[in-house]
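One chain is shown next in structure tokens, namely the form predicted on its own.
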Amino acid sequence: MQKSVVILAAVSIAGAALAEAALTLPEEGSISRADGQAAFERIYEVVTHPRCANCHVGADNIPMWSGPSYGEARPHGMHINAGESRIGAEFLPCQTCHVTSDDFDTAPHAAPRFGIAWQLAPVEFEWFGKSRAEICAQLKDPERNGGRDWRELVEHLEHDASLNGPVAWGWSPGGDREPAPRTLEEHVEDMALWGAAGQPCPQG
């Protein structure tokens, strides 16, 4: 598999500080479609993992609880609704429990936290319960991905991680929470490989 992405990002969590990532992107078209599809399969594993998908929910604005420690997936306890603001401004602000801190190491039953304000992802980024084809189409659609091309998606991951945001937290979630698959560096690399291959999507 051709990999011309050089990842210089180091997840150096000393007090949960993430070093700024810098990478050399592959030339567009230099990655085969097959390798791009394989990269997307790994991306899909990450974005549908509970560490990502639980806050990438739809227009009902209700975060989810799912993963090995929860058993069957269910809506966030305590009837939490983040509202159209996606930060809970209309009801109970997310930050009431999810305080902002660069220290990710919470007790198992304490509310998780990261280095920027806790909130749901924009509704256009709905991933919970979505298929491979649906998520692939959303990620490559500038009208539903924050106006980004594939290079800017890579930059978004790097920037969020440099702020100790949810991207960094996904691989170091504290407590006994299961982290997202593989590593942050590998996820950033896969996003670049998929983009350079033309962002191929699965059928169906």
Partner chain sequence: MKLTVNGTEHEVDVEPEMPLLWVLRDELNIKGPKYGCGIAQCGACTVHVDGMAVRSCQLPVGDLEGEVTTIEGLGTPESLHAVQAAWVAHQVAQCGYCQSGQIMQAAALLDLNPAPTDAEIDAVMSGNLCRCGTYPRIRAAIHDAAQKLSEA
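These figures come from a predicted structure and were not determined experimentally. Numbering follows the first chain given and starts at 1.
What comes next is about the form predicted in complex with the partner chain, which is not displayed.
S.K.: Using a 4.5 Å heavy atom cut-off, are H79, L92 and C97 all in contact with the partner chain in the predicted bound form?
M.R.: Affirmative, all three are within 4.5 Å.
S.K.: Can you work out whether P122 and the partner chain are in contact in the predicted bound form, taking contact to mean some heavy atom pair no more than 4.5 Å apart?
M.R.: No, P122 is distant from the partner.
S.K.: Verify the contact flag for G71: yes if a non-hydrogen atom of it lies within 4.5 Å of a non-hydrogen atom of the partner chain in the predicted bound form, no if not.
M.R.: The answer is no: G71 has no heavy atom within 4.5 Å of the partner chain.
S.K.: Just to confirm, A110 within 4.5 Å of the partner chain in the predicted bound form by heavy atoms?
M.R.: Contact with the partner chain, yes.
S.K.: How about S101 - does it come within 4.5 Å of the partner chain in the predicted bound form, if we only consider non-hydrogen atoms?
M.R.: Output for S101 is yes: heavy atoms within 4.5 Å of the partner chain.
S.K.: Going by heavy atoms, what in 121-135 lies within 4.5 angstroms of the partner chain in the predicted bound form?
M.R.: Contacting residues: none.
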